[in-house]
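Form predicted on its own, single chain, as structure tokens, below.
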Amino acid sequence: MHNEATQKGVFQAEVLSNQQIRRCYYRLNMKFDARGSRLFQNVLPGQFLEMDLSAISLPDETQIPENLKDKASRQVMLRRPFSFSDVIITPTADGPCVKVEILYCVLGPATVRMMSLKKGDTINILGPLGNGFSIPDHLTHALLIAGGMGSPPILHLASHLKHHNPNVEVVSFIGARNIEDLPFTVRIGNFKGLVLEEFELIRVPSHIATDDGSAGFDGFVTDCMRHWLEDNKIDPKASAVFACGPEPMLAGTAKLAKDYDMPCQVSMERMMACGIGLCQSCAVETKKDDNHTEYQLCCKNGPVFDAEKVNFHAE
């Protein structure tokens, strides 16, 4: 099911822009050097890279969120993993030029440092890493579901499907605790109510759900998707579900897909310190057979798994 990256390496990326889009959400655009562009020209949605942020300076103290002022000065030792919300590949006479977009949330000392990145800065990158989503043959409907910061690879997948699988109908469902936790640009459409501009630009309909009802569907995003499935009869044998987000949401998505007899792929979230399977800190419990389980590494065997093979530990 997975498409394993056959080549990876360490290279440099140049910052093109670093834009704040919400209170704690930023959009970082980078351009890879020639070697990185060659490695990333066939990258799949769901794969990721690791960034070395140890040499990045802290932003001005006035820019650091109050709840992170104590954490901000901690030393950043390990690389940090990030998936992509967009990948743009431009052919040139010297080979491909690859630009990527990363959505990130300022949560700790590493991402606080990312706030200070500016146009022209360079970052040390390791990648491409992991296994991405795979597209089943004869697919007619792709249902994409994301929770919070699980949204970037889902946006990348939506764009990838529109470009490479134009005959597939793509529908997205994006959930968050409240409207401020949606890592996208939200506006009111003329006829569609709330619209996520990033999905609107690639002509993919998006359905918003918030736990507190502050935007879109009032409740869990899995319930929003279930309502949509009740109202839209689709062929389960020609449909598939793709999901990324917190584990309780992924567990609910897997159950929903099973209820409708649809295959489901989930991108798991784990702390991935090395990204190449050496530290073994990102174990995911999977089903080996009816009576036995085994642990696989999220960074190496995943982060995308067949939902039916995952033993979810949802609270």
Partner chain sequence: MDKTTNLQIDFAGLTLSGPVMTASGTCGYADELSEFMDMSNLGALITKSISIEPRPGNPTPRIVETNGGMLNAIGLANMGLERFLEEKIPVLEQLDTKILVNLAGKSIDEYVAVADRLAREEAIDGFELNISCPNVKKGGITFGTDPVLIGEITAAVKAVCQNKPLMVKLTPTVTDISVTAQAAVDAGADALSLINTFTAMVIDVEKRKPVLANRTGGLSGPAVKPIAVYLVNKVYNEVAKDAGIPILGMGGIQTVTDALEFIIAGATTVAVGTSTFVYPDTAEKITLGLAEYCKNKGISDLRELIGSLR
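Residue numbers count along the first chain shown, from 1. These numbers were taken from a predicted model, which means no experiment stands behind them.
If you look for the form predicted in complex with the partner chain, you will not find it shown, but the lines that follow are about it.
Q. Okay, which stretch from 73-81, 148-156, 88-96, 225-233 lines the partner chain in the predicted complex, with non-hydrogen atoms inside 4.5 Å?
A. Stretch with heavy atoms near the partner: 73-81.
**Q.** Contact flag, residue 126 vs the partner chain in the predicted complex, heavy atom cut 4.5 Å
**A.** Yes - in the predicted complex, heavy atoms of residue 126 and the partner chain come within 4.5 Å of each other.
Q. So, in the predicted complex, is residue 22 in contact with the partner chain at a 4.5 angstroms heavy atom limit?
A. It does not: once the partner chain is placed as it appears in the predicted complex, residue 22 has no heavy atom within 4.5 Å of it.
Q) Can residue 270 be called a contact residue for the partner chain in the predicted complex at 4.5 Å between heavy atoms? A) Yes, residue 270 sits close enough to the partner chain in the predicted complex that at least one of its heavy atoms falls within 4.5 Å.
(Q) Can you work out whether residue 16 and the partner chain are in contact in the predicted complex, taking contact to mean some heavy atom pair no more than 4.5 Å apart? (A) Residue 16 lies outside the contact set for the partner chain.
Q) in the predicted complex, which residues of 19-36 put a heavy atom within 4.5 Å of the partner chain? A) Stretch hits: zero.
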